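Before any questions on binding or motion, here is one chain by itself as structure tokens, the form predicted alone.
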Amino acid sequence: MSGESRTPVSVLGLGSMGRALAEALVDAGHPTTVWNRTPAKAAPLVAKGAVEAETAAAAAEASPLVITCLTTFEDTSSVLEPAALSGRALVTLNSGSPAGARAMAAWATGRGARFLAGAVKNVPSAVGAPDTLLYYGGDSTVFAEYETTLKVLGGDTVHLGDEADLAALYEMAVGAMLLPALVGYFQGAAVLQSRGLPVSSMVRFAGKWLDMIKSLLPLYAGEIDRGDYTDAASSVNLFLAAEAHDHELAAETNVDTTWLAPLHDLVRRALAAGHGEHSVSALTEVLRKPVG
């Protein structure tokens, strides 16, 4: 397929992720217009065939499909304020809350644009790979029209529904796992270093542990969806008993484990709510606040 028959795309925001998105589009033969606050970041893309716009408005007006990869929804609306967006498809790939996505959708549609808010669920180097996941929420007609183009960015491309905040909702739901998992890994690193052991020695074992956790996710999802926690492979009481071991480890290794205190408190709250013999997935019931 010739470049002329591929959808022209504008990419605004050329940080590490934005550059990867633009490069994937250029490599796939899409006429690509780029813009960044720091023009020097566009140079490698221009060398590959992209066109650099002098302003964000000019970039947005150059293509029917506009992809932004700025830091926040507020940054995006601010940069695009001078642009004529009527009739264009605007796709945002940035961080933000569901409320921010809804506000962005109202802002964009108020200016005549069709809108999708999305998220890239991988690192920049994975952009364009067949198994790289991107998901979107918003105008289904945009997704249907540009699905082939969007799949250039990642082969595992999903439309979650017409609600513009769905990608942000899933992004924050899934992203909630990241910091606790990383801090747990960093605690383990400090523990090994307290014995003079290299952190690299636990990488294989940590990977296997994460694989095991991954295998449990469908089981826990089923328990939570059914609201039935009685078939407990790992009970709340089991996790409660582990608290003493964490304290002993901290005393022996001189590693700060106080970040675990709110998690231990959550387990104790689950016990107080009658979930001691239930699956640890019953913590969901404690996390969920009663309506009203």
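The numbering used is simple: start at 1 and walk along the sequence shown. Everything numeric in this text was worked out from a predicted model, so none of it was measured.
Keep in mind that the form predicted together with a further copy of the same chain is missing from the display, and what follows is about it.
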Contact test in the predicted complex: R111 vs a further copy of the same chain, heavy atoms, 4.5 Å: no
Partner contact for T38 in the predicted complex: a further copy of the same chain, 4.5 angstroms, heavy atom: no
4.5 angstroms heavy atom contact with a further copy of the same chain in the predicted complex for T149: no
Heavy atom of E163 within 4.5 Å of a further copy of the same chain in the predicted complex: yes
Candidate from V51, A57, A28, L260 lying within 4.5 Å of a further copy of the same chain in the predicted complex - any heavy atom: L260
Non-hydrogen atom within 4.5 Å of a further copy of the same chain in the predicted complex for each of S97, V203 and A206: yes
Partner-proximal stretch of 141 to 149, 174 to 182, 81 to 89, 103 to 111 relative to a further copy of the same chain in the predicted complex, 4.5 angstroms, heavy atom: 174 to 182
Residues of stretch 205 to 233 in contact with a further copy of the same chain in the predicted complex (4.5 Å, non-hydrogen atom): F205, A206, G207, K208, W209, L210, D211, M212, I213, K214, L216, L217, P218, Y220, A221, I224, D225
